[in-house]
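In structure tokens, the next block holds one chain alone, the form predicted on its own.
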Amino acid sequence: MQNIQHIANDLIYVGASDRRLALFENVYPIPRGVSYNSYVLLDEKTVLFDTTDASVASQFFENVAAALAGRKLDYVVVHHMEPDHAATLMDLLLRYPEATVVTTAKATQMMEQFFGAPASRRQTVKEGDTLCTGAHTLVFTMAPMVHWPEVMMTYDATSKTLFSADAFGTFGALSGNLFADEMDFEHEWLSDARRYYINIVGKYGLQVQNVLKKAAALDIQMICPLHGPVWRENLGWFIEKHDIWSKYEPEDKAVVIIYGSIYGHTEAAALRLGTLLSERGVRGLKAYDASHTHASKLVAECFRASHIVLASSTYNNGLFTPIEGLLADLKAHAWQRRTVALIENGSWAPQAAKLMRAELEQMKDIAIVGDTLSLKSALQPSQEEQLAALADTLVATL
């Protein structure tokens, strides 16, 4: 059965959500599922903005048919060729063979790579090109590496709507409410939006900044992304979050403690530091066990907070593997402009701090503060003063 939703009189949501998928891109846990958004514009010419993942194909095709209500499909705008948005494209064109695909030259090349041949009816567009569908004028703007090289966005100059591809998206399935203002977005969705952006797009901050500059020149009243809710209110707040994230600036002045502990002794020292920070008035502390928290959440938290404490056991004369993996992820996502304190442990030859420092020195504008707390097996009473001094240093730099 169809499940469409009107965004405006002539704009209809025809996407669908998947709550069964465990890992987005087979990497990132999505316990709340994910939506695959697609939109139909009903003008003198009809336009479909993107298709969907194969997992929701049946619902998607029912929705498109219901939205068109017997009308032919004139155009399919392909903003992004990643399979979660384009896997059903060729099946759609078999159902609507008269439709013209509107996309970038790079996306046309990718169609051939994915499907063996590009769409037979296609219109290649570049920056600033327009398409008049009747009452609406669509303006195409390129968004390379946000987060693939072929990506573009569409600005509907008539309704002042931005079809933003993967930008401004978030993890999370939709439950009936389509608009962000119908939800408690800040408390229930923001952490997933942050984790989505940082892990999917976070490496490409410069490219995102370029797109935000283009967006600033437009009168945008609504944003229709490819994942998550549609934005029609408080757009500035959500755009500002992306501005902060893409500048690699801390979102919050806060301390996050991440520890890699084998038998609990490194954990105990890290949590004792948390108590000392609390006694000094630090609020909003977060502590994570790197062995039990998915790296995507740890990376997002490292982007959110201004101060990070990394505590690692020495393992096989190297870093404890969860911390080693986290540092590799942070480097891959161009993490920078943060303050870090270090705790290490090693029963006979502590090496973790030296190795963590070597990784951090390869990143940009990372300030390592305080004296490293070096444990041999467990935190000793005689080291309480040193731990307190590390807490004082962190407080002084907040």
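Values in this document were obtained by computation on a predicted structure and should not be read as measured data. Numbers follow the displayed sequence, beginning with 1.
One more form of this protein, predicted together with a small molecule, exists but is not displayed; see below.
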*From the list N199, T104, S261, T154, which entry has a heavy atom within 4.5 Å of the small molecule in the model of the complex?*
S261
*What is the one choice in T266, S164, T161, T170 with a heavy atom within 4.5 Å of the small molecule in the model of the complex?*
T266
*For A69, is any heavy atom within 4.5 Å of the small molecule in the model of the complex, or not?*
no
_So in the model of the complex, is the small molecule close enough to S313 to count as touching (4.5 Å, heavy atoms)?_
yes
*Could you tell me if P350 has a non-hydrogen atom within 4.5 Å of the small molecule in the model of the complex?*
yes
*Even though the small molecule is not shown here, does G370 get within 4.5 Å of it in the model of the complex, heavy atoms only?*
no
_Using a 4.5 Å heavy atom cut-off, which of 214-222, 230-238, 200-208, 316-324 contacts the small molecule in the model of the complex?_
316-324
